[in-house]
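Starting off, we have a lone chain in the form predicted alone, written out as structure tokens.
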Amino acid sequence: MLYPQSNSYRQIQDLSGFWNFRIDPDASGAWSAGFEGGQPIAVPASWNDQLNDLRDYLGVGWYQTTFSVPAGWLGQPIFIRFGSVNYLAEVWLNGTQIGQHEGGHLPFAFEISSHVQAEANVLVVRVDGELAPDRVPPGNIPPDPKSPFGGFLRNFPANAFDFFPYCGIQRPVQVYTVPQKAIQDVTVTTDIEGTTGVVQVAVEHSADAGQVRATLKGFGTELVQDLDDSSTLRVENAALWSPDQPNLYDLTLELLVGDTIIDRYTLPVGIRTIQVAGDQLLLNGEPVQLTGFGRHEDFPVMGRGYVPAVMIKDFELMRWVGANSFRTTHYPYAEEMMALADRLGFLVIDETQAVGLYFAEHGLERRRELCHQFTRELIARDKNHPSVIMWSLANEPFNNDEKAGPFFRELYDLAKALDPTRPVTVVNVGMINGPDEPTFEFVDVLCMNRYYGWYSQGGNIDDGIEVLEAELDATHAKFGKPIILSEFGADTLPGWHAEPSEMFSEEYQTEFLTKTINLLNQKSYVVGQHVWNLCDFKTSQAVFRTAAMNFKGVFTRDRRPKMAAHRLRELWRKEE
């Protein structure tokens, strides 16, 4: 799915702003043609923190706006695109249903050419945010002997994951045009042969269109080449993409009929390779060590809404600390975040929204279908980003079930068929599966979330380090694959201090992270260390979540540093 862009052949109109909104608690509304009343709401943003009494409302909400398009657009293919609607979206334009989509965090688009008019178009979106066991991620899981969510871990709202289940239209909504004969998709893969960059370009376009011409420019190079459906561009003395030098070439594709250009699309290209060799992760043929974070799209009032300034701030905080990477925990981040990672040189483990999966039969087949859908959609969206170095199929699934291994083997094979160029992982959690994780047999990199010294060995960091070291060594001895400690951390109340250190104090978090990182630095097979979390974030209410917050951030929710942030800067920052 190509991100919309504006040029001489394509135009975009952003529908961000104040829409009209009303809730539908009994799901009985029939307002597809529009509705009266309601109240203003900002789009994009979650609805939960904008309006009084809606914090825990996860039912049905209706959005409505009106828009016009330039008269010159009529007669062209016109689409409407949603960056993310959580969870289930049904869309009507001028009273006609134009489509629906299940699942937040990934984009979807519908052609509206035959339904749009120049003035006063009425756009209505019905959003269902209910938590349900047959959705991904699941929620409101019924009591089950194989699920821990039937007992003391109940929270409110009853999600199966440790972040707040924000709802609504959470990323930009765009109306855009493409030419009658258009470039429809582009796939770019890169390789390196000596000092030559090899750029493979595959283009899909209208069946009856003509030739595609490619121009690759940058760093003193300008290559112009007519393409077949799949062609190779060879860049001598290529400027490679890496965190130290995130070099990006501009690839411009033009669709021609005869000598006439009828469409143009431009995307940045980073020439780099990523591969697993034994127990090492190689970037451009050299071992790479990942330092960074898990992070949430979470900010006061906006919830999980799209906030460009917060994206910039988070990148600045990560660079200040000395991080070179992050994982999109526990859902795909906004496309704009990925584009910034390309420009700024961050390495990204790109994760689907399959968090909290369990394998009871109730709803299992639907969860399987959705996981396949989301894997296809994620790879289609992010396949051309040089920053994306790995696909993560799920976070912390409850894989202590015989159905889990085959379930994820299907997903692994799907991801490899769609993109054979990147490693694939599933993120394991110790308190459920430990080293007996069934996916470790076939995934390329072992991602392990471990909290020894916090959820176990609480208050005794040294004992936790001993347990962690023993498990890391045993896991490596068994599988011989690179390991990333993809989560480790300790809840820390800002401003709470203790000497000697004790749990929830800033001193304890600092000691915990320091000792864990010192251990990881001794293990050559550990190729990544991702602290949980960059910033404090909102959760459901539970006895184990003070103030309905997860306080494992090294920065506060409003992006102020704790002691641990300064310590990480000492541990990670390269000499300048």
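The first residue of the sequence shown is number 1, and the count goes up from there. It should be emphasised that the depicted structure is a prediction, and the values quoted were computed from it without experimental measurement.
Separately, the form predicted in complex with beta-D-glucopyranuronic acid exists; it is not shown, and the next lines address it.
Hey, in the model of the complex, is Glu396 touching beta-D-glucopyranuronic acid, heavy atoms inside 4.5 Å?
The answer is yes: Glu396 has a heavy atom within 4.5 Å of beta-D-glucopyranuronic acid.
Arg545 within 4.5 Å of beta-D-glucopyranuronic acid in the model of the complex, heavy atoms
Output for Arg545 is yes: heavy atoms within 4.5 Å of beta-D-glucopyranuronic acid.
Is the gap between Asn550 and beta-D-glucopyranuronic acid in the model of the complex 4.5 Å or less for some heavy atom pair?
Asn550: contacts beta-D-glucopyranuronic acid in the model of the complex.
At the 4.5 Å heavy atom threshold, is Trp62 in contact with beta-D-glucopyranuronic acid in the model of the complex?
Contact check for Trp62: no, nothing within 4.5 Å of beta-D-glucopyranuronic acid in the model of the complex.
Can all three of Tyr3, Tyr176 and Asp263 be found with a heavy atom no more than 4.5 Å from beta-D-glucopyranuronic acid in the model of the complex?
No residue of the spot touches beta-D-glucopyranuronic acid in the model of the complex.
Could you spot which one of Glu254, Glu506, Glu487, Asp279 gets a heavy atom to within 4.5 Å of beta-D-glucopyranuronic acid in the model of the complex?
In short, Glu487.
To verify the annotation, which of these, Asp342, Asp419, Asp162, Glu377, has a non-hydrogen atom within 4.5 Å of beta-D-glucopyranuronic acid in the model of the complex?
By the 4.5 Å heavy-atom cutoff, the listed residue in contact is Asp162.
Just one of 238-246, 448-456, 219-227, 284-292 has heavy atoms within 4.5 Å of beta-D-glucopyranuronic acid in the model of the complex; which?
Only one stretch qualifies here: 448-456.
Considering only 511-541, what residues come within 4.5 Å of beta-D-glucopyranuronic acid in the model of the complex, judged by heavy atoms?
Stretch hits, in order: Trp532, Phe537.
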